[in-house]
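The chain below stands alone and is given in structure tokens; this is the form predicted on its own.
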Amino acid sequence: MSEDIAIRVRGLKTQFGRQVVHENLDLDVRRGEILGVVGPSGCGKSVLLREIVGLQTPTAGEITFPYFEAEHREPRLGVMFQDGALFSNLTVLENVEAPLREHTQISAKLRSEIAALKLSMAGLGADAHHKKPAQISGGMRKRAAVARALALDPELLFLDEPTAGLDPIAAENFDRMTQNLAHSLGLTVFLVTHDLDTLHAICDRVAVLYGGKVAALGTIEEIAAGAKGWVKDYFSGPRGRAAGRAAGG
């Protein structure tokens, strides 16, 4: 992890009718880090992700990519949406090929080879490549979604609730896969989650969204040391303490 800022959010406001989701939200994401983003349901974690990747326009404020702008280019982004969001009528391999078909002019043979490589990197063997999403497990669908997010060699990887619905062993395996991919590929990872085990296991820092702003930002130890209110309840409650013990904290 470097001190270079990969993503900078300043003065962000998000409002839907009378409902204000974000108000004057500031956040810096460092290049090369795995940043966990947590907060109570409805606080706007997934909304913030969609705004950063350009799928939704905030009401006010700005989102910039300083490191990449200094190099006079836009960053390459990869997104894994909640529940994977795979195309149900395509095979797993075809799902991963879809971004390559849309954004490149490479041959069908090379496209297939790249998709197979990305699936292998995400831990899916060849026996799953030609199955439809409904024919594989939830954990395998999530891995396929990660492979699709990696298809175009992103520098910034966005994961929205990647371990939700997985059993503890599958969730732990997914966390390790994410960490290994981030380190081996030099990714910056923006990870929205409720999973305390994930935060302790792989996140370099954690951003807590509460009350429309980033209420706390730092390592889990730094946040827990000064935590109050909801933040204290989240990290110091029974599940938070158990996750900390499991991680050796």
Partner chain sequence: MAAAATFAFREEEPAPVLALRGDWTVDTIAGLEADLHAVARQLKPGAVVDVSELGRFDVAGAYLVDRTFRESPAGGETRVAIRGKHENALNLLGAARKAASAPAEKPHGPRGIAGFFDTVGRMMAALGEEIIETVGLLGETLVIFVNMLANPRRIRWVSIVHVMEVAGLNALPIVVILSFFLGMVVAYLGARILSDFGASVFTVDLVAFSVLREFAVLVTAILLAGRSGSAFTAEIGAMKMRQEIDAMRVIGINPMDALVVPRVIAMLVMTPILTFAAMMTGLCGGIIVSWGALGISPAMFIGRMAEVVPEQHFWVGMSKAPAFAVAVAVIACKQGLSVGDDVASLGNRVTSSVVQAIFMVILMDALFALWFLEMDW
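Numbering follows the first chain given and starts at 1. A quick note: this is a predicted structure, and the numbers were derived from the prediction, not measured.
A second form of this protein, the form predicted in complex with the partner chain, is not displayed here; the remarks below concern that form.
Of the candidate stretches 39 to 47, 181 to 189, 199 to 207, 213 to 221, only 181 to 189 has residues with heavy atoms within 4.5 Å of the partner chain in the model of the complex. In the model of the complex, the partner chain sits within 4.5 Å of a heavy atom belonging to residue 113. Put simply, residue 105 is close to the partner chain in the model of the complex: some heavy atom of it is within 4.5 Å. Among heavy atoms of residue 100, some come within 4.5 Å of the partner chain in the model of the complex.
Contact annotation: residue 121 falls within 4.5 Å of the partner chain in the model of the complex, judged by heavy atom distances. Across the proposed site, 94, 117 and 126 without exception bring a heavy atom within 4.5 Å of the partner chain in the model of the complex. Proximity to the partner chain in the model of the complex, defined as a heavy atom within 4.5 Å, singles out one entry of 85, 177, 152, 170, which is 152.
Looking at 62 to 79, the residues that come within 4.5 Å of the partner chain in the model of the complex, counting any heavy atom, are 73, 76.
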